[in-house]
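Shown here is one chain on its own, the form predicted on its own, set out as structure tokens.
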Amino acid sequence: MGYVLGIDIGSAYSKGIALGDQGTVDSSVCPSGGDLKLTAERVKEELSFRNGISAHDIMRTVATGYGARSVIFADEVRSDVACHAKGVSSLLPTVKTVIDVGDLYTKVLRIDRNGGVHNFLLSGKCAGGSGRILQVIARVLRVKVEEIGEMSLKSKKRVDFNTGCAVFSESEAISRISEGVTKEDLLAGLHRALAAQINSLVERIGVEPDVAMVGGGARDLGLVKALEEIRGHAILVPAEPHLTAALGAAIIGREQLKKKIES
């Protein structure tokens, strides 16, 4: 049947998935940068070059994410909500509630076993409720954002953040460090504050188990653990949680292609 591409152009990172007849063939991740059209082409070319896929081999491309309209070669654009739902249901069939912690927003979805979306909520515009705040504080502390999850788990005395705003949290972090608070304790407090905001969104939509977390924020073990502590139950995380929207886009494309062939 050929290959189907799912391309997720996020505000911070862009991801791609190539699906073949036997399932996922390869994935690609790169910074989105300022030229999203060029980034989309780069993701496509990387997937094609590494796997010997020619333009004639690509039967359908579905785009999603913040910059989906920049994927000018896409056959269709779908919402990241629909794509996350489809991707998560394929990986974790028991999941009914999905928490997507992205760079700009956090979303909570209620889905069914077929990847259909029953309802969803989106966080406000403040970056304090999204993964962006993790990058802000990592920069303040001069550590890699990939390291802050593990660092937070080494905390001996978690500090309490007084604000959920990214701007004020940055100022507060600088003040706490100058007072002698350790990076580990500060990060534990940050994760707790962000988890509390996420949990408020989860409570508003209502929870039906199982619960999964996806998006770039789900790669932060400290954030996952903080939310588990607040909620009092385990949260499932796919092996590559940042790729679920791209995977879902590819699956949607595969389903459409199959219907077209069968009709």
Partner chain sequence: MAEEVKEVKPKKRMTATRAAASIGPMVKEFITSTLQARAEGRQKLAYTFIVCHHEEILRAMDVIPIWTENFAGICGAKRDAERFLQRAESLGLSRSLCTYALCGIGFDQWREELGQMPPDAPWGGQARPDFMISSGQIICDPRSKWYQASQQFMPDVPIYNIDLPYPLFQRDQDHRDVWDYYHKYIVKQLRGLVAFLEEQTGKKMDYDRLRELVDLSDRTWNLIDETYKLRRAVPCPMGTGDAMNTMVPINFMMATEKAYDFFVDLKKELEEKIARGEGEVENERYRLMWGGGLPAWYALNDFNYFNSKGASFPVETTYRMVAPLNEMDIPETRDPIEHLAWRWLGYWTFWYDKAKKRPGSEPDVERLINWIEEYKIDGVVMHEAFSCRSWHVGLIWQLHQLAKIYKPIPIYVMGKDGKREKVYRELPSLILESDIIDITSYSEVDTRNKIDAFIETLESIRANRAA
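Positions refer to the first chain, counted from 1. As the structure is a computational prediction, the values presented were derived from the model and not from experiment.
Separately, the form predicted in complex with its partner chain exists; it is not shown, and the next lines address it.
Asker: Quick one: does Ser123 come within 4.5 Å of its partner chain in the predicted bound form, counting heavy atoms only?
Answerer: It does: once its partner chain is placed as it appears in the predicted bound form, Ser123 has a heavy atom within 4.5 Å of it.
Asker: I'd like to know whether Lys37 contacts its partner chain in the predicted bound form, with contact meaning heavy atoms within 4.5 angstroms.
Answerer: No, Lys37 is distant from the partner.
Asker: Is Arg139 close enough to its partner chain in the predicted bound form to count, meaning some heavy atom within 4.5 Å?
Answerer: No.
Asker: Heavy atoms within 4.5 Å of its partner chain in the predicted bound form: does Arg69 have any?
Answerer: Output for Arg69 is yes: heavy atoms within 4.5 Å of its partner chain.
Asker: So which of 169-177, 189-197, 143-151, 108-116 is the stretch with heavy atoms within 4.5 Å of its partner chain in the predicted bound form?
Answerer: Going through the listed ranges, the match is 108-116.
Asker: Counting non-hydrogen atoms within 4.5 angstroms of its partner chain in the predicted bound form, say which of Glu229, Glu45, Glu203, Asp57 makes the cut.
Answerer: Selected option: Glu203.
Asker: Pick from Ile99, Ala82, Ala74, Ile133: which residue has any heavy atom within 4.5 angstroms of its partner chain in the predicted bound form?
Answerer: The residue from Ile99, Ala82, Ala74, Ile133 that makes the contact is Ala82.
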